[in-house]
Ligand SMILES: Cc1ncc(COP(=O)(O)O)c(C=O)c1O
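Given as C-alpha cells, the chain that follows is alone and in the form predicted alone.
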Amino acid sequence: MNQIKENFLIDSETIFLNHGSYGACPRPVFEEYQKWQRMLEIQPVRFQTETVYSALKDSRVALGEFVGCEEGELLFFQNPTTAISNVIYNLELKSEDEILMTDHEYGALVRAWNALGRRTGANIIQQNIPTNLVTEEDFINAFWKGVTEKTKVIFISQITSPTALIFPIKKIIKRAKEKGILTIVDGAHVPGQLDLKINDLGCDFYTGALHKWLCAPKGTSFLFVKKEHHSWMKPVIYSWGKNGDDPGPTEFLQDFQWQGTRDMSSFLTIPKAIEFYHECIKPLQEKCRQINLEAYSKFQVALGTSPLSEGAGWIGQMVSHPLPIDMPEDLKKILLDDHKIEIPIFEWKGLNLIRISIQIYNTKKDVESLMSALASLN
C-alpha cells in the first residue's frame, strides 16, 4: 500500500483521483480538528465566549502569512460559494451595468451572479476563452475584448473548476484597477496548489478553499477583503457584532466573525494544515505536477481526443480532458464500481470532460490504472 496514503482517511481500496472536489483531510489535521471539537464540548460557554476568539486570531495570522495579506483582511467562510455570495449581496449595481467573467467559471457561482442580474437588471457577460490558447497574451486579449464602459465588476478564476486551467490573472487585475473596475477572484483551487501572494495580485476580493489542496477539514474557506472596502462590506447575517464577546480588533471583523452558534473548529485547524503542507505536501508537489503532466499526455492516447490547453504552463495538479462521444453515459459509475476509481465526469459547453487530480497520495500506478480502464471502454 502507498505509505503516504496511510496519512489520509480516504478508503485504501479506492484509487482516489478526485481531490479537487472536496479535498482529503490527513490524519494529523483531522486529529487537530477533533481536539478542538472536544474542547468545545468540555466547556462550551468558555470556549464560545473566550477561547475561540484568540484561536481564530492565530488562524488568521497563520493564513495571512501563507496567502500574502494582513490578517485583518481575512474572513472565514464555510466555502467560496458562500463567501462570494456575501460579496454579491453588497454590490450596488444598476440596470445595464456589466459583470464580466470567463465562460470557464464555476457553475454554482454563475447561477448566483445570474440571480443578481435578474434582481438588478445588470448584465452578466461570460466572455469566451478559447481552449487552444498558447500564450498569456492570447488569454489577456481574448478576455479584455469583453470589457466595455459599462463593466463595473470582473469576476475571474485563478484556477478554473471545470477546465482545470491556470489563468494568468495579474495583468487583468492591473488593467481593471486602472479603469476603476472592481476585481473579485475565485481562487478555490489555489491555496496549497500554487504559491499565493494576494497583495501582490492587487485584487479587491479573493476567496480560497482550504479544504481542497491545503487539506483542512471540510467547510474551511476564506474571503480576503481589501481594507478600502471594509466600510461598505456588510454581512448577510447580522448577529451580536460589537455588542457580543468578540474582542475585535475591528467592527468589520466582529460583524462577520460571529453569526450565531456554530462549530468553528475547522477554522482553528488552519495552522496545523499549513504545517502539514510545508512538511509533507510541498516537498512532493513537483512530483505531483509531473504525474499530472503525464496524465495530460496519456489522456490524448487513451481517448483519442484533443486537450483543452497547449503546453504545460496552464496546468497544475489537475487536468480536464474531453471524452469521446461514444463513451458510456454511466462512465463515472462504471469506473467506480468496476475499477474502484473515483473521478469526476461532467458536461461543459457541450463537451463531456473527465478531470483528474493528483495529490501526494497518488502514484503513477493510479494514472496507469485509469488509462487502462478508459482504453478498455473506448
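Residue indices: 1-based, along the sequence shown. Because the structure is a prediction, the values reported are computed rather than measured.
Unshown form predicted in complex with the named molecule; subsequent notes refer to it.
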Which one, 292, 254, 81, 151, lies within 4.5 Å of the named molecule in the predicted bound form by heavy atoms? 81
Going by heavy atom distances of 4.5 angstroms or less, which of 172, 188, 214, 99 would be at the interface with the named molecule in the predicted bound form? 188
Close approach of residue 106 to the named molecule in the predicted bound form, 4.5 Å, heavy atom: yes
Under a 4.5 Å heavy atom criterion, is residue 14 part of the interface with the named molecule in the predicted bound form? no
Touches the named molecule in the predicted bound form: residue 159 (any heavy atom, 4.5 Å): yes
Quick one: is residue 363 in contact with the named molecule in the predicted bound form, heavy atoms, 4.5 Å cut-off? no
Picking from 73-81, 234-242, 268-276, 115-123, which part of the chain touches the named molecule in the predicted bound form when contact means heavy atoms within 4.5 Å? 73-81
